[in-house]
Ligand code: F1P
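The data below hold one chain only, encoded as structure tokens and taken in the form predicted on its own.
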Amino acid sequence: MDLNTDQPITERTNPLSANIDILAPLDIVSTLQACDEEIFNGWRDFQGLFDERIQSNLSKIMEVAVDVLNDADRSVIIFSGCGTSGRLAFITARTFNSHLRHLGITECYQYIMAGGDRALFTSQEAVEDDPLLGAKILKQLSEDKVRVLYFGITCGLSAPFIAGQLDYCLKHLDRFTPVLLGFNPAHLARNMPIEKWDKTFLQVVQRLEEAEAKGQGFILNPVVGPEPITGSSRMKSGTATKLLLEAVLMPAHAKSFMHTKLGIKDYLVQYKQVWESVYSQKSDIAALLHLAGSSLKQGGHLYYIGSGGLGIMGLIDASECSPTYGATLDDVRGFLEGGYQTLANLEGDLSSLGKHFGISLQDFMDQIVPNLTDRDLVIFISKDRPYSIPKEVEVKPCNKACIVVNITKGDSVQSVSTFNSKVTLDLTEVVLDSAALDADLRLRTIDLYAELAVKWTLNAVSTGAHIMKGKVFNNIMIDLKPSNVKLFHRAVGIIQRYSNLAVEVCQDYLLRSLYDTDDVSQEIRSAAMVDHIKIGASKPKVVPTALLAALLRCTIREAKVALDQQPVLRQVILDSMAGQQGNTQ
């Protein structure tokens, strides 16, 4: 349990998942279920989703959104974020513009992704640290608008890119209503100096608190508790981001265009029912998790295929595996029917940037299918009926699975022998009162619930698969690549955290692992940091190998052999302890 009350809650370890690295697949899914429940039930004594201040702010933000929608030609709603937050900003803008387009109303939603659209698929960390660039982009996007509702999404209340945009909003409150969306108490916003800037994030938050007191801005920060994998904000924080934005905007659309009204709290209750429906299938999810983990452990790959919003959730989950688990960009990939035309991103087709930006079904057929083996797993995602597998894939020896979201009454989901594993997410009972919603809005609402159901399922599958591959120790991701100075020192810190050895000794173990030696020469120690990180950028299992050697006081070769036989580091340690006890009896 974390005792440091100054540590942001989004960065703390969750005691519920302390042993997730050595659990069986079904127990992994049950642990994720318990962690996700904190989204709705709250965490300790902190303000949660249903607390009065959060509900009041949600209602006030919804009213601002209604005003913007009623003046859509001259106003705009902007979502902005980095990493997962930016990807959710994108899909939210896409979703609600689609609804406006269907109604024949001016599309007034925009998104800002730190690093541009390439950051939808790959990490662009340098841009995330630039507050001036953030403010510049926001200014350009909004300068011809008379009213702007701005959502700055940063789960830890920490991203400098968002701080710069909030600062710009606060200087122009005559046009802007800024909303900060994150999941830490305001006083735990990052208070570290930001390079080439004169403010900290905390100082911006304090000014926003003053604006909130005057009704000129809002902080939307329910505490949903620590992530199941420490710091992995793609999971609980990402889920909470999606459902909060939708719980504000669906009622705003209903009030503006349908002359019907449904409370924000009603939507949040429905989202909890989606959560219950997803985890009622945890045995099937666990079976799929095991299949995915087996593929990654054998050096195989995990591929998602889908259409529309469900396919985009696959793209998002795949894009997050590399920065979260130190996976390669080839380990987990998503593909979308219709490619960039379906994605409808601002910058259009990015496939010329390289193979990892090829996202269409045709890209999958051309790039991936010829090389599929029995170590690979392809997961098809669809609504109401299993995905129709292309014949070229059907004949391949790879494993095939499907996730089917059932939103229509009846027996449309049939058993298909082609699949090695199948998960059916039944949302037919998660419906809103037909008298309260226009039929079109109701259908779009259910589509959003289906997206979130798929997000929960894919998060569980990819998280569990990487746990099985040995990427996690306790509930902390340890298989990072020491590919820059920051990550080199973070790697040393991980070794020290668990070994309790001196920093110099821990750095020595890291160098042993980097250079495959148990005798670190003076030449290695005195080498430039750039030489160390050059090796660290491409070498696998550097940190797990170093940590195991430090914990067992064994050679690097012995640590590597042990991890080749059993990739889960803590299981190696437990087996070693059991062996030692056996020898003393």
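It should be emphasised that the depicted structure is a prediction, and the values quoted were computed from it without experimental measurement. Residue numbers here begin at 1 and follow the sequence given.
The next section is about a form of this same protein that is not shown, the form predicted together with this ligand.
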query = Hey, in the predicted complex, is residue 228 touching this ligand, heavy atoms inside 4.5 Å?
reply = no
query = Taking heavy atoms only, is residue 484 within 4.5 angstroms of this ligand in the predicted complex?
reply = yes
ask   = Using heavy atoms and a 4.5 Å limit, would one call residue 463 a contact residue for this ligand in the predicted complex?
value = no
task = Evaluate residue 115 for contact with this ligand in the predicted complex, applying a 4.5 angstroms cut-off between non-hydrogen atoms, and reply yes or no.
result = no
key: Segment that reaches this ligand in the predicted complex - one of 329-337, 293-301, 449-457, 485-493, heavy atoms within 4.5 Å   = 485-493
request  = Have a look at 110, 475, 270, 84 for me and say which one sits with a heavy atom within 4.5 Å of this ligand in the predicted complex.
outcome  = 84
message = Exactly one residue in 158, 75, 360, 507 has a non-hydrogen atom within 4.5 Å of this ligand in the predicted complex; which is it?
response = 158
query = Does anything in 97-131 come within 4.5 Å of this ligand in the predicted complex by heavy atoms, and if so which residues, in order?
reply = 125, 128
